[in-house]
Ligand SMILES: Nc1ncnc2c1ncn2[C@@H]1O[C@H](COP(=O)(O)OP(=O)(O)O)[C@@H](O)[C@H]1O
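What follows is a single chain, given as structure tokens, in the form predicted on its own.
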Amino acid sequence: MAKLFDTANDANSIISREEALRPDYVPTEALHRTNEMETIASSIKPMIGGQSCSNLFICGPTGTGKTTCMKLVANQLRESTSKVIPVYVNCWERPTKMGVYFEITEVLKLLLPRRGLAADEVFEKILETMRRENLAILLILDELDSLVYKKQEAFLYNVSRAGAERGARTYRW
């Protein structure tokens, strides 16, 4: 029998970059998506100057680069400023408001118990941190339809209105 593992790092392998097949892989560029990424970036730019920005809804067929574009823009935003924190949430993995809130708390490095706090308490802790640190959050909700499927529409409304209803300019989602 042939030795199966003698050619594990063979240069003749069909797969040249195995990491590109992983679900968390983000390429360094999105081919043929420059215009789309510039449009996304221009809608986010006001946040860097401390202004509000409009909600952005990106839709299209599967596999066209929506997630990749958002992740690349978020990476560049992260490199450009420390005052706007991009938070990417895959809503199929976190399909409830508490799931989204805890993703935000993880990015903000807030130490909160996983149990025992009501959703509005967690939301208030996030807002307090944003106020105290003078931070804005760019909340990227990928696969948003799963939140609707789980009947979380009120959460979407509350998050989108957080700045206007709380009377602070630093709340941006």
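No experiment lies behind these values; they were computed from the predicted model shown. Note that residue numbering follows the sequence shown and begins at 1. Take the two forms, find the largest set of C-alpha atoms that superpose within 1.5 Å, and that set is the rigid core.
If you look for the form predicted together with the named molecule, you will not find it shown, but the lines that follow are about it.
**Q** Any chance all of Ala20, Tyr25 and Thr62 sit within 4.5 Å of the named molecule in the model of the complex, going by non-hydrogen atoms?
**A** Contact check passed for all of Ala20, Tyr25 and Thr62.
**Q** Leu110 versus the named molecule, in the model of the complex: is there a non-hydrogen atom within 4.5 Å?
**A** No, no contact at 4.5 Å.
**Q** Would you classify Ala30 as touching the named molecule in the model of the complex, given a 4.5 Å non-hydrogen atom cut-off?
**A** Close contact exists here: in the model of the complex, Ala30 approaches the named molecule to within 4.5 Å, heavy atoms only.
**Q** So in the model of the complex, does any heavy atom of Thr129 sit within 4.5 Å of the named molecule?
**A** Flag for Thr129 set to no.
**Q** Answer for Thr105 alone: is it within 4.5 Å of the named molecule in the model of the complex, judged on heavy atom distances?
**A** Close contact is absent here: in the model of the complex, Thr105 is far from the named molecule, nothing within 4.5 Å, heavy atoms only.
**Q** Would you kindly say which of Ser146, Ser52, Thr68, Ser43 lies with a heavy atom within 4.5 Å of the named molecule in the model of the complex?
**A** That would be Thr68.
**Q** Sort through 44 to 52, 31 to 39, 133 to 141, 120 to 128 and report the only stretch with a non-hydrogen atom within 4.5 Å of the named molecule in the model of the complex.
**A** Looking at the partner contacts, the answer comes out as 31 to 39.
**Q** For Glu19, is the C-alpha shift between the shown form and the other one 2 Å or more after core superposition?
**A** Indeed, Glu19 is displaced by 2 Å or more.
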